[in-house]
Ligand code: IPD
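Next up: a single chain in structure tokens, the form predicted alone.
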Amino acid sequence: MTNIVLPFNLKEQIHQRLDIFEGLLPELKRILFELWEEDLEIQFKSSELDLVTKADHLSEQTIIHFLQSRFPMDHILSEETGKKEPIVKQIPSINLEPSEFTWCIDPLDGTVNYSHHIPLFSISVGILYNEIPVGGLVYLPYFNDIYRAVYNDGAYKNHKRIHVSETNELKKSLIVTGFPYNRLEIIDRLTSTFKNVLEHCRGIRRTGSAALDLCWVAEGRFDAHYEWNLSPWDTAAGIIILKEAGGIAVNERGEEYKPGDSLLIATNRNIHSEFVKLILEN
């Protein structure tokens, strides 16, 4: 982690926020399941590959309203509406300073899966302190699984501790990846890297949810994950869950990954050097 002075009661503050947020999960599950059977009113953003549905919007609106009512001093960064300043800055009569916390929200990670009735989608909420991931929660409504981590306090799935795999050979490693919406612009890089990984590893999978990918590396289902052009809300929660489970993540320069970097390479640590070299060869 970048050298930064963290509050002495950081764990307490993050756990409190995540505990309160967990209370919203049943409502978010209800919303997504009800809308699943309706007209999703699918629209396109950057391309016909980049979908947004009314489920994305309603889930996001519900989360933002919930957070603003309970944590008016915190910042919010969300996929569909972007940055939102703390409520305290919008009300001059409130003489309080904004906090250093930012909620980084993906209200529906895996929208394409969701729109095709594939149950691999999630709600991803990361908490940043001065832009550093310090807490995260990823919820899979269909499976009712909650992945959660707080800086320096371990990673958990449904309140049970999780750890990355112990695989230490590339040829025995199962890798997961994803393809960015601008895939045609970097198609040669994607295909050459894919070929390189297939030649050296046991296999490759694609779930369609980066948050889910990081959680499944964190609990040892996958041994590594790589992907280009992920947004901060895709990884803010998953990265802290991965690290607290014993994993490691770097960017295209081999430096510690930060949400928003152009390339994410995340591993179980044992195969890290070899796998990073394998990806960066291309």
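Small disclaimer: the values here were computed from a predicted structure and weren't measured. Heads up: residue numbers just count along the shown sequence, starting at 1.
Omitted here: the form predicted in complex with the named molecule. The next part is about that form.
(request) Given that the partner is absent here, state which listed stretch (64 to 72, 23 to 31, 244 to 252, 223 to 231) has heavy atoms within 4.5 Å of the named molecule in the predicted bound form. (result) Contact criterion met by 223 to 231 only.
(request) May I ask you to check whether R202 falls inside a 4.5 Å heavy atom distance of the named molecule in the predicted bound form? (result) The answer is no: R202 has no heavy atom within 4.5 Å of the named molecule.
(message) Can you tell me if F179 lies within 4.5 angstroms of the named molecule in the predicted bound form, counting non-hydrogen atoms only?
(response) So F179 counts as contacting the named molecule.
(message) Is T111 near the named molecule? Define near as a heavy atom within 4.5 Å, in the predicted bound form.
(response) Looking in the predicted bound form, residue contacts with the named molecule include T111, since a heavy atom lies within 4.5 Å.
(request) Determine whether any heavy atom of A210 comes within 4.5 Å of a heavy atom of the named molecule in the predicted bound form, and answer yes or no. (result) Residue-level check for A210: yes, a contact with the named molecule.
(request) At a 4.5 angstroms cut-off on non-hydrogen atoms, which residues of 58 to 75 are near the named molecule in the predicted bound form? List them in order. (result) Residues within 4.5 Å: none in this stretch.
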